[in-house]
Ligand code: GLC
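The chain that follows stands alone, in the form predicted alone, written as structure tokens.
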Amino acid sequence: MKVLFCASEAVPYAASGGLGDVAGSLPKALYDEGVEVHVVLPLYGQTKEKYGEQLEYLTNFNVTLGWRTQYCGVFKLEKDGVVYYFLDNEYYFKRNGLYGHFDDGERFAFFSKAILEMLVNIDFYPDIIHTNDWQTALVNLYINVYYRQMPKFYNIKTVFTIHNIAYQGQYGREINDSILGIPGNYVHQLEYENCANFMKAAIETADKVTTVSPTYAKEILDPWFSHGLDPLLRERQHKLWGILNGIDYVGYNPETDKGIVANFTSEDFAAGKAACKAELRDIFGLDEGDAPIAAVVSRLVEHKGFDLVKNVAEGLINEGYQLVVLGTGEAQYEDFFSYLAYKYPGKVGVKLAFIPALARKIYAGSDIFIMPSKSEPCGLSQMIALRYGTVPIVRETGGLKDSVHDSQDGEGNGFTFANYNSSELYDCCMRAYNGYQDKEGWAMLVKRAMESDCSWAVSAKEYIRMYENTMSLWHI
């Protein structure tokens, strides 16, 4: 099986969030399961600056986009068995930052069409083209409009993954005439609610549509979660799959992690966790003692549930919790946590920054990880916490529900609550606090958390099953 994985970012070449983590890890996991995987990315200026000497030039061609004809160069490198292609156009991609430019619609329409032109010009014949989020969504439409009649493309199947339905690539309808060039008999597949909607086009035209967790696949059929796409998704529900993301079990491994003060395993974690906790207290200036440390590593924004955290934080501190917070975001939350650190010295430590090296120390040294998101398509933080034996408290939404299961029955790996309200979060935190007092029971819970399998190996097998199902489909 041959797969072309299309993404606007991938670790380590360029990344801004969860998509970059997925695109950097899933292809390698698929390769380990016997799939031939090629990945295609934009050649951003920062990528060329750092990896330029490793790149091999393959070819170049022109891409027609509306009335424009634009150059595109193709470069290649191989890493861990995966072939990476980088598409070069300095006008579109030699900029500061990956996204947020006035012409992002044009930039990623170019990228989407250039991916298919690349396949015309190189010797690679994928069985599956797997696109991700709105930035590569138009590949699914362009292949049907302009390329399906070519023998090389006739049998290629397409898969589109929604990583976050909130970001759909919505533009005025005039973008089609000036840039996209979708002919009139296909334009209905692009337009939605009087806009050009890139994600809508992919949902309409891809052979399969996946999301990053089974629960999120169900949630986006509901208007509360769908950002307006639920009617379309219910019509296309037959092609919808939910596959839970994983994390890199080599990169996140408490047994070998050189970024933490002491290593540990699920069979022998007491001394290592204690040393990591002591270092964490020292870093954040927390009081000595046996109080449980609850951690937050996140963007400090509303949909991550921080209005709930604001309502319960002082109560938890007064009950005996210590709290560490790492992240940046909305001023109201930054100000609140700064106030807590000022009011409760020795009990609250806050760093308003994103420092990956410190995040690892927090995952390893904390006892409890709080993640009460309003919505969470998958979430990776709770999986990293599990890997390092830090027990998650999560709301039952998206990938949080699929990866963390309540320990009330003695079988789970964390603590969960269902409804989005402060009292349920508080009660859940107090159940965790009381569980922490039972040292023997808590040790069993930490062991179960660490032995939870959130690896990409599990996800890769499910993706392969989905690919095989997709390849059995016929194009009409």
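Residues carry their position along the shown sequence, with the first being 1. Every value quoted in this text rests on a predicted model; they were computed, and no experiment measured them.
The protein also exists as the form predicted together with ligand GLC; that form is not presented, and the subsequent description refers to it.
- Residue in contact with ligand GLC in the model of the complex (any heavy atom within 4.5 Å), chosen from Leu286, Ile293, Leu87, Leu380: Leu380.
- Among heavy atoms of Val22, some come within 4.5 Å of ligand GLC in the model of the complex.
- Although the partner is absent here, Val159 lies well away from ligand GLC in the model of the complex, with no heavy atom inside 4.5 Å.
- Interface membership of His163, defined by any non-hydrogen atom within 4.5 Å of ligand GLC in the model of the complex, is confirmed.
- Under a 4.5 angstroms non-hydrogen atom cutoff, ligand GLC in the model of the complex has Val212 among its neighbouring residues.
- Shown alone, this chain has one stretch from 174 to 182, 317 to 325, 339 to 347, 370 to 378 that lies within 4.5 Å of ligand GLC in the model of the complex by heavy atoms: 370 to 378.
- Taking ligand GLC as it sits in the model of the complex, the stretch 214 to 245 comes within 4.5 angstroms of it through a non-hydrogen atom at just one residue, Asn245.
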